[in-house]
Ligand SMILES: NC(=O)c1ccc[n+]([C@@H]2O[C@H](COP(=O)([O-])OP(=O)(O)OC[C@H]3O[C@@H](n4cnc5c(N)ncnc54)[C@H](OP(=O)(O)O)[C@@H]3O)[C@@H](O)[C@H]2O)c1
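Read the single chain below, which is given as structure tokens and is the form predicted on its own.
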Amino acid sequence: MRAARFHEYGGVENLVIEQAPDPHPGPGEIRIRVAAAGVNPIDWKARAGALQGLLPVELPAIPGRDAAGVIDEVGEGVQGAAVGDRVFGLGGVTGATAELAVLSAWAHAPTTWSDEESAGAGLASVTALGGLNALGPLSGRTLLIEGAAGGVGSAAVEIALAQGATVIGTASERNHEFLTDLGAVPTTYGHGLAERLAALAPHGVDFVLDTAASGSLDDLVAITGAPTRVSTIADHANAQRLGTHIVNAVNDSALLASAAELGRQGRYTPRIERAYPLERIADAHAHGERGRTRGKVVIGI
């Protein structure tokens, strides 16, 4: 199969397109013929070698954790999935940006989602749902999402709205119209946030989901009044110090199925800023690393 790979840690110049061995699913896994793969921070962190101590990878490695496509091989013990089904989901830390990929968690992709949208849903939706679920019931509550225009943040906006929350989202001013289109009330991040929130939510902010790791966690705890009202997917060090919820992305088919159901209902659509062809994976990684992505970047295979 054709795949993107890196043979040593480093910059985007280490990414090459070449032939790689076909993977095969183990028990409880499926293999898909990939239509598109997501681009996530873990991809360039793994490629750069930043995760060697925590999540080492075997070189040469294929970047990518989430993808969408059609099942072409099913592992032992798999139920509810068959060859020919169109799915999206998650595999290991690496392996998704190739013609074939093995997934250990998946859900059937809504017909309302394109292949690119389906590819952008995997990691973003399980992370957003994990962060929101840690906070408890959202119906009738006011939720602040720090970093609401990114891949996880934009997914969390729509999912929280579907759960009945009023959502305020922080983002740079260039993304305020985007947040309004999603259904959130936009505001800027940084100095003076508490005062801006007092005007936007005079009855207070009940919960916060931090997706940005902007150094604001102390302020977010002060805004809600308790660390248990804050969850973060990004600022683990400060979360441990303060006692907020820490959320890690998990390969959970139930969470993926929940996201897919919202997609079928028209209440959640993954937002894709740009799709690159496989041959331009270096550009896709560079785009993501700049940290200004609105929604998701994906790669068409």
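Each residue number is its position in the shown sequence, starting from 1. The structure displayed is predicted, hence computed values, not measured ones.
In what follows, reference is made to the form predicted together with this ligand, a form of this protein that is not presented.
Undergrad: Of these, S172, T112, S104, T228, which has a heavy atom no more than 4.5 Å from this ligand in the predicted bound form?
TA: Comparing distances to this ligand in the predicted bound form, the residue within 4.5 Å is S172.
Undergrad: Counting non-hydrogen atoms within 4.5 angstroms of this ligand in the predicted bound form, say which of A260, I233, A36, I32 makes the cut.
TA: By the 4.5 Å criterion, the partner-contacting residue is I233.
Undergrad: Does this ligand, in the predicted bound form, lie within 4.5 angstroms of each residue among V57, I62 and L100, using heavy atoms as the measure?
TA: Not a single residue of the candidate spot has a heavy atom within 4.5 Å of this ligand in the predicted bound form.
Undergrad: So which of 113-121, 146-154, 82-90, 199-207 is the stretch with heavy atoms within 4.5 Å of this ligand in the predicted bound form?
TA: Of the stretches listed, the one contacting the partner is 146-154.
Undergrad: Would you check, heavy atoms only and a 4.5 Å threshold, whether A275 touches this ligand in the predicted bound form?
TA: Result no; A275 lies far from this ligand in the predicted bound form.
Undergrad: Any of the heavy atoms of K45 lying within 4.5 Å of this ligand in the predicted bound form?
TA: Yes, K45 is a contact residue.
Undergrad: V247 versus this ligand, in the predicted bound form: is there a non-hydrogen atom within 4.5 Å?
TA: Although this ligand is absent here, V247 would touch it in the predicted bound form, with heavy atoms inside 4.5 Å.
Undergrad: May I ask you to check whether G291 falls inside a 4.5 Å heavy atom distance of this ligand in the predicted bound form?
TA: Yes, G291 sits close enough to this ligand in the predicted bound form that at least one of its heavy atoms falls within 4.5 Å.
Undergrad: Hey, which residues along 186-201 are within 4.5 angstroms of this ligand in the predicted bound form, non-hydrogen atoms only?
TA: The stretch touches the partner through Y189 alone.
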